[in-house]
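Only one chain is included here, represented as structure tokens and corresponding to the form predicted alone.
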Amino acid sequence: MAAPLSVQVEFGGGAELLFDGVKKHQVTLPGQEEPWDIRNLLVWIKKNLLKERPELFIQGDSVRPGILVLINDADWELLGELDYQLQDQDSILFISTLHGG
């Protein structure tokens, strides 16, 4: 069984508005059978942090196009995207590049 993990989840570029305007969240993910990956984290975020309009953040089992995801300051595309296995003390940053106009 995977041990609980402590990670920092941060939202920027307007994405924080979907989370009551709170940019930084220090969260402890509970222990579970499978290791935590970004796919599981997105489900957890939707259930526990997301306050409104999930369609602006989640599309299917991933983030919407236009949301940049950085894991420890590196583009998630270099790290396996949804399959990246989270490590204790990881920092995950979601930045919306979608702006009205």
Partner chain sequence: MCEVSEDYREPAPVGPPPPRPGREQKCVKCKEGLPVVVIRAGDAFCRDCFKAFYVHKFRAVLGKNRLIFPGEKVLLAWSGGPSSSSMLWQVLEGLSQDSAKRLRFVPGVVYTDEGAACGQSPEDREKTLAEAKLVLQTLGFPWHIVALEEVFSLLPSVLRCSAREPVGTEGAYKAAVDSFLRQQHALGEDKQSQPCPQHPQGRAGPPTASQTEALSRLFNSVKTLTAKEELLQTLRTHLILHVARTHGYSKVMTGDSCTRLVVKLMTSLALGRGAFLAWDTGFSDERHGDVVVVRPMREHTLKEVAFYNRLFAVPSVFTPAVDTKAPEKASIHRLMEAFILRLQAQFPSTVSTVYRTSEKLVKAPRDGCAAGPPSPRCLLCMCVLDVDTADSATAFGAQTSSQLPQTQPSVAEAEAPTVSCCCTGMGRAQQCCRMEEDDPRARVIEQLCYGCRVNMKDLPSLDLLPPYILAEAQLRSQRAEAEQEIQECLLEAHEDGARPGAS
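Residue numbers count along the first chain shown, from 1. Nothing here was measured: the structure is a model prediction, and the numbers come from that model.
There is another form of this protein, the form predicted together with the partner chain, and it is not shown here; the text below is about that form.
- Taking a 4.5 Å heavy atom cutoff to the partner chain in the model of the complex, the contact residue among 27, 43, 70, 49 is 70.
- Interface residue remark: residue 6 is not counted as part of the site for the partner chain in the model of the complex, having no heavy atom within 4.5 Å.
- Taking non-hydrogen atoms only, residue 81 approaches the partner chain to within 4.5 angstroms in the model of the complex.
- Proximity of residue 86 to the partner chain in the model of the complex: non-hydrogen atoms within 4.5 Å are absent; the residue sits far from the partner.
- In the model of the complex, the partner chain sits beyond 4.5 Å of every heavy atom of residue 31.
- Of the residues in 13 to 32, those that come within 4.5 Å of the partner chain in the model of the complex through at least one heavy atom are, in sequence order, 13, 14, 16, 17, 18.
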